[in-house]
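In structure tokens, the next block holds one chain alone, the form predicted alone.
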């Protein structure tokens, strides 16, 4: 005998299924957006302004039949516009910024690229659910590294020098005069290079345990003209060298570390007497119920796929998660020896903490 069909509320079921349809449409939209970026279709459409599928295909050198279907999918999702009278597709300024303007703070292509990496890594993460093991950062698809850097770089460029550093007690003045800085978990070096360009009298040491990322950081520093005041090395957060740092920074990476307490303790030992530790983390409330919203869903999902497995792959494996919240982060910093922790700034996606001995 089959199990009795569960009783459902028709209205609630309809609402839930409507949300699922919306989410599936969004999931397909992410794939379409990623493909459009990789194939240069958004940029080309923005340049033409209004185009038929034939015109866009000719400009991009792509097969018209596929371009036509992609355009229709994007228009149906509201990512681009369609004029039925002229049979042309176009982009509004807001759509162009979101999909075609590389480097703009509101361009979402890095976000899409990171999401695609999660799909590509699904089988690996599914396995660690079964085994309880971790998944090292280096074992993820390359889309994750590029997508993460593309997403965060414009946000740092928009906020780091003009808002976040001035919010720290006395730090801007030190950097202008000439300070020693360590940027931990620097990845491709975006945050390090932004600071190095803004404060040429200071020296910036970028450390990351992912060697390919450090190679990228060195190349980008040369291209940006800041090779003279940047030093990049492959080191993890608990063992980076040197001392007397006036400022140590970690951008969106403390929660990924296996032993954030140990790493923070090492940072404390490497700071100068009046040194500052700046921690940029995903914005979050201090309880699960405070994070029940779309951004919380996104962060918890990335944490499931990337952050928690990365931490579990390292010694201690604390797995703070991307929604640890200020209270839990403060507990970690206090345990490491920092007695003064305060939030000095925030954006819709991040919070900035200042920690002192």
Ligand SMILES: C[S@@+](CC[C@H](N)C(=O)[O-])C[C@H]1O[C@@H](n2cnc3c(N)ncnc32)[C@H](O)[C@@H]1O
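Positions refer to the first chain, counted from 1. Nothing here was measured: the structure is a model prediction, and the numbers come from that model.
Separately, the form predicted in complex with the named molecule exists; it is not shown, and the next lines address it.
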Is residue 236 part of the interface with the named molecule in the predicted bound form - any heavy atom within 4.5 Å?
yes
Can residue 281 be called a contact residue for the named molecule in the predicted bound form at 4.5 Å between heavy atoms?
no
I'd like to check something about residue 220: if you look in the predicted bound form, is any of its heavy atoms closer than or equal to 4.5 Å to a heavy atom of the named molecule?
no
Flag residue 257 as yes or no: does it have a non-hydrogen atom within 4.5 angstroms of any non-hydrogen atom of the named molecule in the predicted bound form?
yes
Using a 4.5 Å heavy atom cut-off, which of 162-170, 86-94, 99-107, 206-214 contacts the named molecule in the predicted bound form?
206-214
Taking the named molecule in the predicted bound form, would 152, 156 and 253 all count as contacting it (heavy atom within 4.5 Å)?
yes
Would you kindly say which of 148, 230, 74, 264 lies with a heavy atom within 4.5 Å of the named molecule in the predicted bound form?
148
Considering the named molecule in the predicted bound form, which of 193, 186, 80, 181 comes within 4.5 Å of it through any heavy atom?
186
